[in-house]
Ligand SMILES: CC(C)(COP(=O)(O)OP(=O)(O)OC[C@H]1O[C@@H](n2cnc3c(N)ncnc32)[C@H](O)[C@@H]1OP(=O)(O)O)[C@@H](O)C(=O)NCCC(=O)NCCS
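Single chain ahead, by itself, as structure tokens, in the form predicted alone.
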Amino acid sequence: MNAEARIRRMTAVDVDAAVALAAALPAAPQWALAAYVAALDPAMRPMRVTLAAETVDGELAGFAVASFVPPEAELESIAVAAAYQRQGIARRLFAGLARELAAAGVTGILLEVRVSNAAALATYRALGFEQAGVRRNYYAEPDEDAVLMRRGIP
């Protein structure tokens, strides 16, 4: 598939597609619909940046969510539909997040990822993240350690 997609703010119209996209990716966080709705609410704390990658056909190719309390942010989720992976969409979503977070006064971002998720670890390293630690038994079903990663935002 063609990776032509524009990066834009995620809206309530995207929520059902985001839930379906994440459900199709076993390694993606499996949030309830209400969690996506809350992430879009500007009154919720911590504040969040939510971005969507939309194809020329209007399909949701990917999305990203980061929460922040300056000067720190947490990348809560970044997911790209299987048909659009390895085409630069995650990189473009992260670049959009980084721009918005920097404008909000964020200077660093962290994330956790399953130690077994080699594809995500490689993506995060390619995005400039470095391992900052390990959180033992962080995940359940299955029980697994989390790699804590961090990077600065210029």
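Small disclaimer: the values here were computed from a predicted structure and weren't measured. One-based numbering along the sequence shown.
This next part talks about the form predicted together with the named molecule, which is not shown.
Ala27 is the sole member of Leu33, Ala27, Ala102, Ala95 with a non-hydrogen atom lying within 4.5 angstroms of the named molecule in the predicted complex.
Not one of Val19, Leu51 and Glu59 is positioned with any heavy atom within 4.5 Å of the named molecule in the predicted complex. Note that among 65 to 73, 124 to 132, 102 to 110, 36 to 44, the stretch whose heavy atoms approach the named molecule to within 4.5 Å in the predicted complex is 124 to 132.
Shown alone here, Val115 lies farther than 4.5 Å from the named molecule in the predicted complex, counting heavy atoms only. For the chain shown alone, Thr55 is not a contact residue for the named molecule in the predicted complex, no non-hydrogen atom being within 4.5 angstroms. Taking a 4.5 Å heavy atom cutoff to the named molecule in the predicted complex, none of the residues in 57 to 74 make contact.
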